[in-house]
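First, one chain by itself in structure tokens, the form predicted alone.
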């Protein structure tokens, strides 16, 4: 456990939590769990995100504490905070328009993350564990070992409330692909068991996240499946989602979550890429098996992430031209594996 971070929590009162653009289960679950933890210690805490919370994760935010960033509303809070936690990302660029306000704030900036490519520059303190499958798992260990004895507030000790357990379980479940991805070892399953004992209900959490599809999302999935293309001896599978697809199905880019699993379900496929055209550019989502380093492929397009799960965003890109480049560069990484 990082003693510096414990000291910050014990000695300061004004906290802000944030995470990456287009938040996922790990980022939302981690934010909610840390918010509840700090609030239980009597700390004044805000969660401010660049993006809205995807609808399938709003059940974790029962009190609607997550705020979407508005410059005039939030710039003073950011400037006057004592401590700012940046969760589940190690790049300021992924905070989008929040980044310059956070970087210029006099607050202590604390990174808690599990992704590769960590650079300590720009952060006052860091808690990084690239062997952990989820930021939520890192926070669980932190909470369990927290010593608040030097705080003016009552220490929380080893108590994890039911709402915290639900948030952490959602974080870990989603970032481990429902406990099937690499690095999901015995410790992760033991932690999940503890969270269940603390009140997390796996069936309800899974249902809230994955069984709330709209007819529009199913129609969008149909378009995605019809466009699946195989390349490089059938080791690469990719598909494109166009902006007009969202309009025709009354959905948005959050609806594509989980689509990559359909690519990786193909027996011969080692690398899957979801290519999404948005209003601002093209989003790339990479998934791979084994030794295919999709995080290095993502870096070629100014992205990053895990070895087997990464992403990138290319502002203003032409979706067809970028697809050709990505497919061509994929060949190199498939040959290296």
Ligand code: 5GP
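Fair warning: this is a prediction, and the values are worked out from it, not measured in the lab. Positions refer to the first chain, counted from 1.
Although not depicted, the form predicted together with the named molecule is the subject of the following passage.
Checklist line | Contact residue in the model of the complex, chosen from 276, 310, 49, 45 - any heavy atom within 4.5 Å of the named molecule | finding: Only one option qualifies, and that one is 310.
Margin query: Check for me whether the named molecule, as it appears in the model of the complex, comes within 4.5 angstroms of all of 91, 283 and 304 - heavy atoms only.
Written below: Yes, the whole trio is in contact, each within 4.5 Å by some heavy atom.
Check: Out of 49 to 57, 65 to 73, 285 to 293, 34 to 42, where are the residues with a heavy atom within 4.5 Å of the named molecule in the model of the complex?
Finding: Among the candidates, contact is made by 285 to 293.
Note to self: For the stretch 95 to 115, I need every residue with any heavy atom inside 4.5 Å of the named molecule in the model of the complex, listed N to C.
What the structure shows: Contacts from 95 to 115: just 115.
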